[in-house]
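Taking the form predicted on its own, here's one chain by itself in structure tokens.
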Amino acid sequence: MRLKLFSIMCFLFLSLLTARPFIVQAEGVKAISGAGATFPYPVYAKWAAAYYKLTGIKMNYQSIGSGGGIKQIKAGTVDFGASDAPLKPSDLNNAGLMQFPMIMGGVVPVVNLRGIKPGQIRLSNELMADIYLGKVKKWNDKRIADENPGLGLPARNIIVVHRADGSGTTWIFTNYLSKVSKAWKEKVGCAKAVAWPAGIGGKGNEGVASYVRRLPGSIGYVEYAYALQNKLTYIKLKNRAGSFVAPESKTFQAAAANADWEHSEGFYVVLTDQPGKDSWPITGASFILMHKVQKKPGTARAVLKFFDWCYRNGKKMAEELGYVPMPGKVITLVEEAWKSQIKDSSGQPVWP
């Protein structure tokens, strides 16, 4: 009798330990797939590794740029897409998609200048725009020197590096430039891919970081985690309040504090050029895209369980990489939207 009771207790104990993974595996889902933005890839990769260790569920993510992610989710070749450029409500409706914010972070201008340390160079918004317009061509240009008195700037040509692929990081960067420079807005504008007035293109945040690391005199823009991982020299930027600020978690958080997710339609929120003396001017969110009508509800449920786990257990991992986790009240809004918007072919909610 005692042996039988002990066996029952052991079975119950093991069932509790493996309950969450078993629920997912019971639906026959061993892997989920996504594609898109390179901006959040470092944290998605870290979350995926931790989740696999816990549950045995693989999250396969192709870091191909926001444009590619949008194309793949529309084509139905992945379970979710990822984009740093939020889709407008009309575009979501036309494609039968919903979007929700997963993480926030900063796009960071980085340079390769010998003897210059991170944060030593300061640039105003107008000067940043004119560099990317090709109007300012040398590092010892008087305008740069005037903003950086006493800093030994080389008489070297500026090599502008930008993205070559359709990119949400580019959308955030050009959205910022369009807000701070009338000339940029009129001549180039804001998009995931633009006709660059100057420079060379790299594929993904990885490609831009690689070019800047290898080319003396270069300037590029990457997501903050790539700047950290590649030990690149970042620039301090002058924000809307007139303060020169460094890219770091507290300045991203200051910009993100102004986000009004509650009153946004389709979670369409843009965080560039936010007010506040501590706000980083090129802050953005990264979004997940899913079909409202799911042909494979079990897979969709597994995807949502993964992102629910990331929201609730991945904050520390995100912060270690310099990202800003979504606030609890936003997570509640998002998961309520899952219930009302993501359904199976019979109209039944996929979540929870």
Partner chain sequence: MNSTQKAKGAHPVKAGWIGQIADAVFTNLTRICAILVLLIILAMMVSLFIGAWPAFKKFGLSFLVSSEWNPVTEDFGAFVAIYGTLVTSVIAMLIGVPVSFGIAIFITELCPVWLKRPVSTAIELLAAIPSIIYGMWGLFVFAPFFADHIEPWISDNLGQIPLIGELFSGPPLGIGLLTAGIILGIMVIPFMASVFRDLFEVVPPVLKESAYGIGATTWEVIKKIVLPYTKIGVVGGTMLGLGRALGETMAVTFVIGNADRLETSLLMPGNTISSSLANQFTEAVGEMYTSSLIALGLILFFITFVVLSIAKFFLVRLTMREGTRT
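Between two forms, the rigid core is defined as the largest C-alpha subset superposing within 1.5 Å. Positions refer to the first chain, counted from 1. Being a predicted model, the structure only gives us computed values, none of them experimental.
The protein also exists as the form predicted together with the partner chain; that form is not presented, and the subsequent description refers to it.
- Stretch-level contact check against the partner chain in the predicted complex with heavy atoms at 4.5 Å: of 158-166, 100-108, 119-127, 256-264, the positive one is 158-166.
- Listed residues V245, I144, V188, L228 were compared with the partner chain in the predicted complex; V188 is the one with a heavy atom within 4.5 Å.
- Exactly one listed residue, out of I200, L151, A183, A95, brings a non-hydrogen atom to within 4.5 Å of the partner chain in the predicted complex: I200.
- Using a 4.5 Å cutoff between non-hydrogen atoms, A193 counts as a contact of the partner chain in the predicted complex.
- Within this chain, G65 lines the site of the partner chain in the predicted complex, having a heavy atom no more than 4.5 Å away.
- The closest heavy atom approach of Y211 to the partner chain in the predicted complex falls within 4.5 Å.
- For the chain shown alone, K71 is a contact residue for the partner chain in the predicted complex, at least one non-hydrogen atom being within 4.5 angstroms.
- For I172, a C-alpha deviation below 2 angstroms is recorded between the shown form and the other one after rigid-core alignment.
- If you fit the rigid core between the shown form and the other one, you'll see the Cα of A75 move by less than 2 angstroms.
- Once the cores line up, the CA of A85 ends up less than 2 angstroms apart between the shown form and the other one.
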